[in-house]
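Below you will find one chain, with nothing else, as structure tokens; this is the form predicted on its own, and questions on how it binds or moves follow later.
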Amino acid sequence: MQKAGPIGVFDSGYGGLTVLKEIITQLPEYDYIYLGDNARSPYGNRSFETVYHYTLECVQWFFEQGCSLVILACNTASAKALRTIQQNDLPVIAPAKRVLGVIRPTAEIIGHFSETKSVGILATNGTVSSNSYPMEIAKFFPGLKVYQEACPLWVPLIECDEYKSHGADYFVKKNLHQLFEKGEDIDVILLGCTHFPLLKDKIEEYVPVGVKIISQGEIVAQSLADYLKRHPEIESCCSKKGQRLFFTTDSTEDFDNHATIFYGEMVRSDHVDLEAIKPAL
């Protein structure tokens, strides 16, 4: 019997905390470890190969902490690294462990929200260029029209605490205008980056009346709850003491200050040095 351990939740920075918050709301009894790879953030503009290697290093770290289940609460990592890790790495390094992402759970239900059968995706360059959302959505809703818009400056604005500024208004309006130029009948917009919920109020100001704005946190949390019910062999490996631990690859002081914005309450993190972790390929 494998010893029970916490559920790992990973992001390149702080955004995954919005997902962790929703997961804990729905599944408070489990133990969780969060890791933000802030020292190498953002992942959005990095190559597929780089994102894959960074993500695999972090997954290996979670496994060393006793995690049998790791959630990539990062759209870029889910888009650029998840499939390779699931298909190539896990069978070799940890066949009994699982790594899940945030794209598929969203793709499975996004079409139910749209009456015009036309949805927009706001995401980082990396997620958009991967084309992961259109490909995954097509598996479940082949008739759905999917329009993407890369928003490369949104993450820096949020992490620099400028997301409430007039500068943020300019870029939100600009990217939304460009999105609706691609698909004027869009009636659902998915925030395809875990940072973007912090801009949801501004986004709602500049979209047509009736357009739904969908964040991923609640969807991912519901999907995880369902997954654990369907996979008792994984669920039994997840410890249940209600503990939460936070780690960052960068400054703990900076992480703790920013984390409050995303997580909604104070956190105290520890530093992790990933240099010592060498993926077993």
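When you see a residue number, it is the position in the sequence shown, counting from 1. This structure is a prediction, so every number in the text was calculated from the model and none was measured.
Although not depicted, the form predicted together with ligand DGL is the subject of the following passage.
- Just one of 52, 43, 61, 30 comes within 4.5 Å of ligand DGL in the predicted complex, counting any heavy atom, and that one is 43.
- The partner is not drawn, yet in the predicted complex one stretch among 173-181, 107-115, 120-128, 136-144 has residues with heavy atoms inside 4.5 Å of ligand DGL: 120-128.
- For residue 193, a non-hydrogen atom is located within 4.5 Å of ligand DGL in the predicted complex, even though that partner is not displayed.
- Using a 4.5 angstroms threshold between heavy atoms, residue 155 counts as touching ligand DGL in the predicted complex.
- Residues 74, 75, 76 are the members of 55-76 with a non-hydrogen atom no more than 4.5 angstroms from ligand DGL in the predicted complex.
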